[in-house]
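Only one chain comes next, encoded as structure tokens, the form predicted alone.
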Amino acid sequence: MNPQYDQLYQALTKVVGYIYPNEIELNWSILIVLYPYITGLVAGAFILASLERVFNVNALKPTYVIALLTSFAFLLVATMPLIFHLGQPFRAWEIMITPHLTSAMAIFGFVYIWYLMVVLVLEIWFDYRRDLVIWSNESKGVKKWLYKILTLGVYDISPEAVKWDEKLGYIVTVIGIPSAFLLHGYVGFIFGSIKANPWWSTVMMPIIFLFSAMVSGIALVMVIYIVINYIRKQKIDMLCLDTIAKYLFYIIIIDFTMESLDQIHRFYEAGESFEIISLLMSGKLFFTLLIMQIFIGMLIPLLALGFLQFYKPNEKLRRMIYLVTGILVLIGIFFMRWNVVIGGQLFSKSFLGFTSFKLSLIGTEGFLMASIWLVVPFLILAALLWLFPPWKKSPSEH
């Protein structure tokens, strides 16, 4: 290689902003980071619920309904970051009335409606139908009328009817498992199918997104379960909490392995984009990737949960470790989404330089807007727990 050209190339790789004019601004901002993050929480929480319902992990029974309601609350908000990112958000509904079966985004619209209206709504209804009938007779005021409406006029709570509720709910859950995988796996599919971007273009992307979704969803339910019992001043079922932590530990191992294999393959292949990606990881993404995602969000939780698999301290200390670990995992998975979405747009298509991204405080793509869409699901979940309190469900049902 010509020494002068080599020196010029090395200099250009360190220049910020040396890119083509049409690459100056990032097209996808923090709202697109939230979009796969929230859908991952939806899928992961539902999969945790299915462990109890379908795979008979009875230790997880205290979190079964909480996981379902969490998945439903976040699913209601899942599309909002994407819609608010659009230039014409009021046209988003056209994706449903003008179907385009070769579009991955259109397919997601169908999967989303299927998962929301059929899987989650039906499973929650079958699970609560008997209680809705009882509560509609016992409650007063607004709650009484809400419960009567939600019964849909089906007031039969005989043992035979309740058994049918359980059977149909089981069938819906079985159908919901592949639906949850499809709901979030397509996000990785979209990124992985963009061949022009070497940071995204990998067949491992859908798998990585799926396992990271399970990690984040399980961690979220674990944190919510601890917080709810702390607020209600109720004793936590430590067998349930230990079991959640065990599954979280296993899934983190698999997720870490998948991501490591993907990076090892990149280094081994050492394609034409190898140098720019190496500079990206050691430079602009050093903090968000190596520190926040890998060290804080993965290695520390992995070591903490691994330690608790062999040594069991007192319950108070275990609860604290589980709470901190769950929060760290949620932070780490958020930065994983950040590194994929934002990181994949930071380098030039010419592989000769980088651009910058500055998160604004206000605006449709600002920090405050993103914070709103992170808080809203928790407000919805609080309303759902008020209307459908799991701790008031009749003991004879599932």
Partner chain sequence: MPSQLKRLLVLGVIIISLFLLLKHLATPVSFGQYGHYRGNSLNEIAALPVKYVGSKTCVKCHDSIVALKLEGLHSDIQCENCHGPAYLHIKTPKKDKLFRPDSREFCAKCHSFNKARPEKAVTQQDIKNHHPEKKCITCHNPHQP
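Residue numbers count along the first chain shown, from 1. Just so it is clear, the structure is predicted and the values come from calculations on it, not from any experiment.
Unshown form predicted together with the partner chain; subsequent notes refer to it.
The three residues Ile97, Asp156 and Ala161 all sit with a heavy atom within 4.5 Å of the partner chain in the predicted complex. For Leu152, a non-hydrogen atom is located within 4.5 Å of the partner chain in the predicted complex, even though that partner is not displayed. In the predicted complex, at least one heavy atom of Leu122 sits within 4.5 Å of a heavy atom of the partner chain. In the predicted complex, Asp165 approaches the partner chain with a heavy atom inside 4.5 Å. Though the partner is left out of this view, Phe211 does not reach within 4.5 Å of the partner chain in the predicted complex, counting heavy atoms only. This chain lacks the partner; the member of Phe267, Phe110, Trp145, Phe307 within 4.5 angstroms of the partner chain in the predicted complex by a non-hydrogen atom is Phe110. Here is the short version: of Phe287, Trp93, Phe295, Tyr230, the single residue with a heavy atom within 4.5 Å of the partner chain in the predicted complex is Trp93. The stretch that touches the partner chain in the predicted complex, counting heavy atoms within 4.5 Å, is 125-133, out of 235-243, 125-133, 278-286, 321-329.
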